[in-house]
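A lone chain, given as structure tokens: the form predicted alone.
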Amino acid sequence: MDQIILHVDMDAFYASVEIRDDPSLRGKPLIIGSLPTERGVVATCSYEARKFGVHSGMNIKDAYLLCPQGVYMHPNFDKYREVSRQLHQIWETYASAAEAVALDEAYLDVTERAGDWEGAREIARTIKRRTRDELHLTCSVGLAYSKTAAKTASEEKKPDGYFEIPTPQDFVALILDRDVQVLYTVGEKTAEKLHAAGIRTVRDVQEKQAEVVRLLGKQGQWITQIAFGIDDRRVTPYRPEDAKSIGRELTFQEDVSDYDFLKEVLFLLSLSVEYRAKRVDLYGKGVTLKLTYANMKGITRSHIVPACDSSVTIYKEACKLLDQVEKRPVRLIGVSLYNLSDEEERQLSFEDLLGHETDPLAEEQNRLLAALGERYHLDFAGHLDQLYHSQTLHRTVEYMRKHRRLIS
């Protein structure tokens, strides 16, 4: 049997959750992300805000210029993750395989459960109804023969939409004269390259296949396939070990030139990376440092390490990498583990051989936490669970930055 795939996508997810929980926000241009007085971007916004030209990923100050009357608020990721868990629990009931793309989005293979196209329609209706009735939120659903077509279908009638694309011929007929960015994997930069070569629409891709492949190589081969509606990819459940990296980064509200302070921030970020790695029982065989300087130039530096998930090891390796970079004011700093595996490759220590119960890495982590606590008069060790939350971490680092500036 051919595939029958649903793509479910929530409508302005973060904003919709906040409006659900605070009805006074309904009908207002709500913008979730940084505040206008801060550095950062728009995470998402309500449809009312989008009418002013605000969109996800936009610099928050540009958003404020477009919509000064908007309601601006920080995201509450803990709340969104919990709602996401409830959503996916509903959706996955009806799928033999479910591929979560994000907190608010998933592909569902309903081929077996539905049996036929009419059965799939009924599943789509049920998912929309249950999402609305049980969680008081709306979603858009696309029903199609492939993942690419299902994604396109879910975007066709937003918000609270439903659309079907039964065959490759229907898909091609729908998008033939649209801009190349309608094709999966074609972003702004790829589109610019195609436009410069006179390839602006899907029809142009079909007519200039050789040119597309010459320009884009393997990606070009893929693009020419989907321009004809060909996509045989299967719905593949996400596995944590398939992730390329586990990381955490932070943007400062003012550029930082104090590299000793940057190392303290790296330690806090490393604690979060350890927490995330241990939650999914993964180890990394490499550490990456990420910096964005004040002039917006970004760099990354990496180093191979024995498989680890220890905050202390991550922190020490990141500090070594930081010592090697050009010392200029920093806007953003991040650290990550890469080359992930579910197997630890740790050499036995003397403590292991002698049967000692002490963990030297844990002891060093406690010493580092105690030193931070003494310097900033904060109970870091007693509030680790809160520091893993994005908002708390940002507030804490800003307090630390201002404290250092006052005493320096």
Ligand code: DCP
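Numbers follow the displayed sequence, beginning with 1. Bear in mind the structure is a predicted one, so any value in this text is a computation, not a measurement.
The form predicted together with 2'-deoxycytidine-5'-triphosphate (DCP) is left out here; the points below concern that form.
Interface residue among 136, 303, 233, 158, judged by heavy atoms within 4.5 Å of 2'-deoxycytidine-5'-triphosphate (DCP) in the predicted complex: 158. Residue in contact with 2'-deoxycytidine-5'-triphosphate (DCP) in the predicted complex (any heavy atom within 4.5 Å), chosen from 67, 43, 368, 60: 43. Heavy atoms of no residue among 171, 204 and 228 are located within 4.5 Å of 2'-deoxycytidine-5'-triphosphate (DCP) in the predicted complex. Interface membership of residue 56, defined by any non-hydrogen atom within 4.5 Å of 2'-deoxycytidine-5'-triphosphate (DCP) in the predicted complex, is confirmed. Among residues of the shown chain, residue 388 is not one whose heavy atoms approach 2'-deoxycytidine-5'-triphosphate (DCP) to within 4.5 Å in the predicted complex.
When 2'-deoxycytidine-5'-triphosphate (DCP) is considered in the predicted complex, residue 376 lies well away from it, no heavy atom lying within 4.5 Å.
Residue contact with 2'-deoxycytidine-5'-triphosphate (DCP) in the predicted complex: residue 18 places no heavy atom within 4.5 Å of it.
Look at 359-367, 23-31, 377-385, 47-55: in the predicted complex, residues with non-hydrogen atoms within 4.5 angstroms of 2'-deoxycytidine-5'-triphosphate (DCP) sit in 47-55. Along 9-25, these residues reach a heavy atom to within 4.5 Å of 2'-deoxycytidine-5'-triphosphate (DCP) in the predicted complex: 9, 10, 11, 12, 13, 14.
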